[in-house]
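So this first bit is one chain, no partners, the form predicted alone, shown in structure tokens.
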Amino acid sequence: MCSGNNSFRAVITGKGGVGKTTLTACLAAALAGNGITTLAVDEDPQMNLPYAMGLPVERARAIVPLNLNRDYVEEKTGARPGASGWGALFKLNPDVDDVVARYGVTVADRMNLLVMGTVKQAGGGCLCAENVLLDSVVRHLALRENEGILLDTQAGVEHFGRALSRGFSHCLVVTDATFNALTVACSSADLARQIGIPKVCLVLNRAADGAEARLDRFRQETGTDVKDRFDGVVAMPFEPRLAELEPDVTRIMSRPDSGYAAAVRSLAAALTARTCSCSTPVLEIRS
């Protein structure tokens, strides 16, 4: 079924330290610069996305993630975290339609932020009020119209189960050319496909001379050709100025000579090139 609006949903995942939060922030800035209202959602337990997007330190520190907002969890689910114990009764499908209006933060024109917090995964999954609330938030995000959603997650996406497949059209798996990061990337791609995300793209960050040789070495050692595991491969060149600009890495997007900024803009254009779910894959950029 075809849609004529600017709605799209992308989840960004990958091994820690490969630059996924930087990509999320810069991609949000690029989309907002193209006139698309964008909501970046921080699910990573490190909670670095507010700083990366340029939110002042004082405002960023004042944000309470949804999973730690006991009043909101209790209001929506009927159970107060940490007070009810095992066997507590709570709503399994709480109404969270007001979550962005109440807890969303405007960072810049058309660039908004929601700090969600992370899902508990102890013992193979926790059916607790906090997790139920976060799952409901993800389902709500998938229904919002005329808005781009970027969900910055910790490594792996399986903790959201089918919620991500109902409306999230893309999974951007961020990696560098190291063996460990590529291994995590391939596992993340498998998980994304298992829960039904249609398009899975590899974002090769800090790509430099020799990256292609390292991908070939990975193929020889593991028997896995990463280019065959993904619907597209996007190369992001190494950008040394990001270290100088942090925490507000979005400032790189105003540098006309930055190859990284140009690559982010190309990725943003690819994500929004088509809004028809019955069309061919939109991510055709390959290095």
Ligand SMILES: Nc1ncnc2c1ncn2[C@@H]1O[C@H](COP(=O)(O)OP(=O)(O)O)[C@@H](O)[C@H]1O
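For every residue, the number given is its place in the sequence shown, counted from 1. Remember, predicted model here, so these are calculated numbers, not experimental data.
This protein has a second form, the form predicted in complex with the named molecule, left out of what is shown; the following refers to that one.
- Annotated contacts: 72, 78 and 136 are all free of the named molecule in the predicted bound form [non-hydrogen atom within 4.5 angstroms].
- Proximity of residue 237 to the named molecule in the predicted bound form: non-hydrogen atoms within 4.5 Å are present.
- Interface membership of residue 206, defined by any non-hydrogen atom within 4.5 Å of the named molecule in the predicted bound form, is confirmed.
- A residue is said to contact a partner when one of its heavy atoms sits within 4.5 Å of a partner heavy atom; residue 18 meets this definition for the named molecule in the predicted bound form.
- The closest non-hydrogen atom of residue 242 lies within 4.5 Å of the named molecule in the predicted bound form.
- Segments offered: 198 to 206, 181 to 189, 89 to 97, 107 to 115. Contacting the named molecule in the predicted bound form at heavy atom distances within 4.5 Å is 198 to 206.
- Pairwise change in the predicted bound form: residue 156 and residue 16 C-alpha atoms lie closer than in the shown form, at least 3 Å.
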